[in-house]
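Encoded as structure tokens, the following chain is the form predicted alone, with no partner shown.
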Amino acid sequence: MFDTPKREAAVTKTDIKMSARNCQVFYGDNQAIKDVDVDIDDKTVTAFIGPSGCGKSTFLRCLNRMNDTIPICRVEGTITLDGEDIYDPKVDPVQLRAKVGMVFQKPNPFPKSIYDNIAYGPRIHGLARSRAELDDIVEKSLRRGALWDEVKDRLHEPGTGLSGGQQQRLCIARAVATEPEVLLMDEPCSALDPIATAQVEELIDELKQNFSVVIVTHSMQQAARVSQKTAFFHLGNLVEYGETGQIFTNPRDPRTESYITGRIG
């Protein structure tokens, strides 16, 4: 008798990179986020959408403990990265932010050279043992930020001398220089013109090959263009979360449909 070969089960489930369970955020006595449960997939772009003041940026900042910098802010519940609680007292927020990078709404290059903007993170985290290794990290990061060809001959000029769109790509390159696992973006295109916005959106699409990307955006068109998953927030609640196509074409919650069709917002 011959053994029949065992067929390997097809793995179709995307790995979950970060999870939140019963997440609540308070600013003093004011509750900004209520009972958010969400799983964020690896190597996927997840968009957070919703009206101004709905809590989407507040929740985004929970994912790398940026809210720790606000004295009156209190976060409750559990948020994990690869199954580890990021709010565990043993977790160093500085090390966490090397793994969960952040790109802000307004480009904020350091008042340093283009080279030193990128080299800053790898230097403080000890990621390069020599100048040659640091040079390699800087070049690789600028290539990932789709900026290398534009700045390779002026690496020692100030980063603040770049155009707005170039500055934002510099900030993205700076964020990926520490080899993060997750990249958070808080309205990264809101201060950019349409051409620079298109360049950043193209870059986001490339970055998902290596990172889990979470983007807060006021533009539903942008969410539809760049994301595979979308979460709709309203009045501090996560109303609906699912595949982007389903959220925009067949939302399950009437509040989501009202937002997408422009009746609330």
Partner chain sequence: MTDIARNGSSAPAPARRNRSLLEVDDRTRRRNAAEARFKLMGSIAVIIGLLALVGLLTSILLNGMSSFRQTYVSLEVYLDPAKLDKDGSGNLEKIAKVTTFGYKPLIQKAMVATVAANGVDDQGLKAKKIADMISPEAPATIRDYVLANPDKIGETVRFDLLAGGRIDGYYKGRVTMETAALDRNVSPEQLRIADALRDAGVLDTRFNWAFFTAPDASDTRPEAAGLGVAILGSAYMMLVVLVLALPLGVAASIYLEEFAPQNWFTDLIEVNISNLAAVPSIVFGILGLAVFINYAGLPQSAPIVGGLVLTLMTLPTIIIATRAALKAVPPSIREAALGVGASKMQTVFHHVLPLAMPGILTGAIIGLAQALGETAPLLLIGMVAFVREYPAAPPEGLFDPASALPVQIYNWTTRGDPAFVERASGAIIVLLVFLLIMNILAIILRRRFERRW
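Positions refer to the first chain, counted from 1. Just so it is clear, the structure is predicted and the values come from calculations on it, not from any experiment.
Missing here is the form predicted together with its partner chain; even so, the following discussion is about that form.
- Note on contacts: among 110, 115, 87, 148, the single residue with a heavy atom within 4.5 Å of its partner chain in the predicted bound form is 110.
- Proximity to its partner chain in the predicted bound form, defined as a heavy atom within 4.5 Å, singles out one entry of 213, 200, 223, 66, which is 66.
- Each of 94, 120 and 125 is positioned with at least one heavy atom within 4.5 Å of its partner chain in the predicted bound form.
- Among heavy atoms of residue 167, none comes within 4.5 Å of its partner chain in the predicted bound form.
- At a distance threshold of 4.5 angstroms between non-hydrogen atoms, residue 141 is out of contact with its partner chain in the predicted bound form.
- Mapping the unseen interface onto this chain, residue 75 falls outside it, with no heavy atom inside 4.5 Å of its partner chain in the predicted bound form.
- Taking the partner from the other structure, its partner chain in the predicted bound form has a heavy atom within 4.5 Å of a heavy atom of residue 61.
- Only one listed stretch (78 to 86, 130 to 138, 101 to 109, 188 to 196) carries heavy atoms within 4.5 Å of its partner chain in the predicted bound form, and that stretch is 101 to 109.
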